[in-house]
Ligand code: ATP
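Starting off, we have a lone chain in the form predicted on its own, written out as structure tokens.
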């Protein structure tokens, strides 16, 4: 890895007459601060100022470096040292750093399959696995905020992604239930719509649940809380449906799912007079003038809940949890989630708005591995003895985690994700049809690190096991149908009588 940086350091006053003192600082820096970071077993390397000249208030420098002390780090160190020494002796300091040219050369693990483009980069030249980039538009603040390293990492990541495009997630069957008799093979969404239990929502990918369907979902919710969460000690919290972008940046959602999020804009003002023209047009045209609305609202700074766990982790950011409170076991069931599914929508099981319970757990690895087994036991009880489903469990590593190198540590299967899948008879045979992933359970290290959540004495892990009510209902109804006479006795005990519903003429 090689770095070649040409930059201008602009001082607060003329520096022609102090060039000798500046040269002495640069010579000392080449032997000291520009070498800090080189491993002890490496004899040479780091950064060096190989050329410098003065013109009025400007100091022109050229720095070359290797991976141990990168040139953009070197210019920041040099700026600080020059400001300190020249300020004390000559009462001038560096006011600004401007990049003239910055060439960076490094090697890729794989040869790209197609062109790579990135913001903040003037040019990307790739020859085989050798990559050279030119960066000249970065500000000093962006240098200090590590833009260069992120640019390099993003190029490597994008090339790596090209070799994973189209790959499926790793999937390993670990358990499956007995086969159940098929008593129903219709799509439950279509059947409920025909009976008037549900109605397509006023916008895409949403549903209106009338009393019959609503009671099914609420019964699923009650079963999940009373049979899975409460016996294990989970406590309920209530959170906001709005998630600011900085929270999604910490969790990785902002870079992972920007194409699936619903965004929130705020009014620029609450003053009714400012809105009067738009209100007049709505009253006359009976339509919303979108261009005027754009002018009256701010650019989004937040999104609608994609999953409830980010806000839960945010609530504990930079805090230390007492060892007495471990493991933390909490859940939210008030905030609906929204995801833009576009052409992927189907029925009530894949929608743009859905309802789920989000249990989050934080504790030591040992505590959470033990909890994982207890959760699986409780889920088995529900799916086997109450819902009587035909289902299976699989250890999975989604492709996006495979390519990020976030598979189980040292082959540990305790970490990672378990998927729970249900057979849907209306989709075809067990062997050839796609089963529905109606539940999962994850255990990982990422979020306690991302949000700097610590304990008094122990290393913390975390996880979640989102319970999608529409998914549970889809799995159940696809196998048992809409007639309560075919429903398991234990479910009927919890469901009670079917609501009368609404008779429409």
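Positions refer to the first chain, counted from 1. Fair warning: this is a prediction, and the values are worked out from it, not measured in the lab.
The form predicted together with the ligand exists for this protein as well; it is not shown, and the discussion that follows is about that form.
Note that among 263 to 271, 229 to 237, 182 to 190, 333 to 341, the stretch whose heavy atoms approach the ligand to within 4.5 Å in the predicted complex is 333 to 341. For the marked spot (351, 354 and 439), a heavy atom within 4.5 Å of the ligand in the predicted complex is present in each of the three residues. Using a 4.5 Å cutoff between non-hydrogen atoms, residue 463 does not count as a contact of the ligand in the predicted complex. In the predicted complex, residue 471 approaches the ligand with a heavy atom inside 4.5 Å.
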